[in-house]
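Quick heads-up: it's one chain on its own, the form predicted alone, in structure tokens.
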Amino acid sequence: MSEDRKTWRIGVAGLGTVGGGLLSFLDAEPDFAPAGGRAVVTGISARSRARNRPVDVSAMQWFDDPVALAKSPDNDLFVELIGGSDGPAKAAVEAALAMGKPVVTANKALIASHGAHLAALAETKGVPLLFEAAVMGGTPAVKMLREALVGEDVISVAGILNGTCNYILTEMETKGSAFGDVLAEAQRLGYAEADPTTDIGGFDAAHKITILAALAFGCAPDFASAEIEGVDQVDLDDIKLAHDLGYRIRLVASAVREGEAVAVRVHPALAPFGHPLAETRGSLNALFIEGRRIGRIFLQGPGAGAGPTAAAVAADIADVMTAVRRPVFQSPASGLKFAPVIDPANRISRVFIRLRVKDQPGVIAAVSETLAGAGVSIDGFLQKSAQADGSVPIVLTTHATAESIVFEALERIARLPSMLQAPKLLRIARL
């Protein structure tokens, strides 16, 4: 930093929505950090030099290469907003940390995939690596686990961590529109990317829950072990039939600890009317944190956007400026290990099963007998009227059963001569 040690020179790589929001924030409020001095952006890097920016950047040094910006002696703190788990983002963060320079990032893919490696590099150099904005935008989920709940025995974290998927599911329910139509509208409005795979495939939520699991349980982030299922197979019939049974479908990300083992999962799940997850609509995010001493904490707020996410980045910058020091995750990097993965075969769940069958006698009895024979107990049942094509939609919910048993039963049901299509399964959220 400068000689008077009151002005922090910030290098920012990535000037998209969040980067532009950060430039506006720091331009308007350079003295925002309590007792931390001024924060002034002195160097920038982005893909396009000619693009219009929300503030005048003519006095800022331009770098075509973000790694060169990260290494520059003309900034004291490096902010990475490029995105992506590898490539320029990873190289630039590694370069800054190797120089002994604090790093603030909003890059969930980077932290989920390489968090342990980067934490070790940061702690070896004795500098902070902060990533509040990587999860839930401006809603302080990371700080809650990293700071407020230090020492708590957290047993689970679960919630809605992708606003794009939540917007799509909400619109499908409220407007009765098909998935593809709502996705196209979300892309037009800027809620979804031109290539929406990361969002609708569940990968964005999986990056975020991987980070929260590491913070909650003191283990290394292990994105490779996450079980991921997106919303692209949820159709309007699922939405309507779940609603008829008193549920809304949400993309739920969860991390659960059992002893030393951990399960990190993302999948569509049913939440009952009135539950906070069912009532989290549009692009909002929501999270439950459960601890043995504190019980359950619920957070809800904007999970993206220039303003909220830039504010989260600024909060991390303030922590660096005020000399806050703690391990990157709950445990020192030298002790971070991958947690054993809970065996999916032993997982217990309640499920929603949707069937499309021939309109003929004995179908329900055959389905019920097949489930009972496998050891699956039915909790709720709904049969709709025959459709124009002669098919009959049937939906049922089960009591809690080992998922391996349910899948075996569904394989048997699929072979029944009355089935017109493969059974559809959605889990009922453990709430």
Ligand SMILES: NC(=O)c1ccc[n+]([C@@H]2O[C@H](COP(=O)([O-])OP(=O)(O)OC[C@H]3O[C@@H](n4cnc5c(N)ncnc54)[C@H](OP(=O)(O)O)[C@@H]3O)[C@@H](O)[C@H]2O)c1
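For every residue, the number given is its place in the sequence shown, counted from 1. A quick note: this is a predicted structure, and the numbers were derived from the prediction, not measured.
Here the subject shifts to the form predicted together with this ligand, a form of this protein not shown in this document.
Asker: Quick one: of N75, N107, S283, T210, which gets a non-hydrogen atom within 4.5 angstroms of this ligand in the predicted complex?
Answerer: The option sitting close enough to the partner is N107.
Asker: Could you spot which one of I228, A116, A318, A304 gets a heavy atom to within 4.5 Å of this ligand in the predicted complex?
Answerer: Looking at I228, A116, A318, A304 one by one, just A304 meets the 4.5 Å heavy-atom criterion.
Asker: Contact with this ligand in the predicted complex for L161, defined as at least one heavy atom pair within 4.5 Å: yes or no?
Answerer: So L161 does not count as contacting this ligand.
Asker: So, I10 and this ligand: in the predicted complex, are they within 4.5 Å at any heavy atom pair?
Answerer: Because no heavy atom of I10 falls inside 4.5 Å of this ligand in the predicted complex, the answer is no.
Asker: Is L15 close to this ligand in the predicted complex, meaning a heavy atom pair under 4.5 Å apart or at it?
Answerer: Yes, L15 sits close enough to this ligand in the predicted complex that at least one of its heavy atoms falls within 4.5 Å.
Asker: So in the predicted complex, does any heavy atom of R51 sit within 4.5 Å of this ligand?
Answerer: Yes, contact at 4.5 Å.
Asker: Pick from 363-371, 51-59, 400-408, 378-386: which stretch has non-hydrogen atoms within 4.5 Å of this ligand in the predicted complex?
Answerer: Comparing against this ligand in the predicted complex, the contact stretch is 51-59.
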